[in-house]
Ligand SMILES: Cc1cc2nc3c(=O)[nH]c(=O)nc-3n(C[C@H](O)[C@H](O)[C@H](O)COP(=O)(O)OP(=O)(O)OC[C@H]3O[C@@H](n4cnc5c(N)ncnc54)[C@H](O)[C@@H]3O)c2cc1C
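Okay, here we've got a single chain as structure tokens, the form predicted alone, with questions on binding and movement later.
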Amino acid sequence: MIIQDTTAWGLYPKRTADVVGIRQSKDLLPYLVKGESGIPRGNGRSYGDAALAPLIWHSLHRHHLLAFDATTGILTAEAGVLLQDILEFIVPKGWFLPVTPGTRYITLGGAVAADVHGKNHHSQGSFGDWVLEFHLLTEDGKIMVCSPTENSKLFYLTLGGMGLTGFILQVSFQLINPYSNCFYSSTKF
């Protein structure tokens, strides 16, 4: 744990916080057992004070791509990976993010927690519309697999929940093939 001044993207307000880097889910368990309140944080690119608290658990150490199916375009990655790193991996393979927010320097977990949208939200929806499942460490220390059909209430509460439902560990989501005719002739919903 380190004590540091933290801000959001707008650099205001500034708050001194205890910041703990989470590498594995077990790193968070001592805080949960003690009942300490904290907030998950990605790369600090949210507007306002969304991820500012006296205790912050940051996810940037959880930055690995875990699985990729080049046929279906399904990617699974840890929540701390930046969209920039995902783009560097998928674009040469002919895939792209279904929703592109204003910066590529947000984490995958942050994209889910804020349910970000991009310039194409009128046709492709928000990031959460493309999420297939995620693993969430809840305040009682359980790892819940959440999807539209499994633990669906928690799934939908977490999309746009700004980290208040737990710590997102990993996310599986659908990529798009921007060269496909079906992408341009239909919409997600």
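This is a predicted model, so every value here is computed, not measured. Note that residue numbering follows the sequence shown and begins at 1.
Omitted here: the form predicted together with this ligand. The next part is about that form.
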My question is simply whether Ala77 lines the interface with this ligand in the predicted bound form - judged by any non-hydrogen atom within 4.5 Å. no
So, Ala51 and this ligand: in the predicted bound form, are they within 4.5 Å at any heavy atom pair? yes
Any chance Phe173 has a heavy atom within 4.5 Å of this ligand in the predicted bound form? no
Though only this chain appears here, would Gly94 touch this ligand in the predicted bound form if you measure heavy atom gaps against 4.5 Å? no
Among Leu159, Ile39, Met144, Leu32, which has any heavy atom within 4.5 Å of this ligand in the predicted bound form? Ile39
Where, within 42-72, is there a heavy atom within 4.5 Å of this ligand in the predicted bound form? Residue list please. Gly42, Asn43, Gly44, Arg45, Ser46, Tyr47, Ala50, Ala51, Ser59
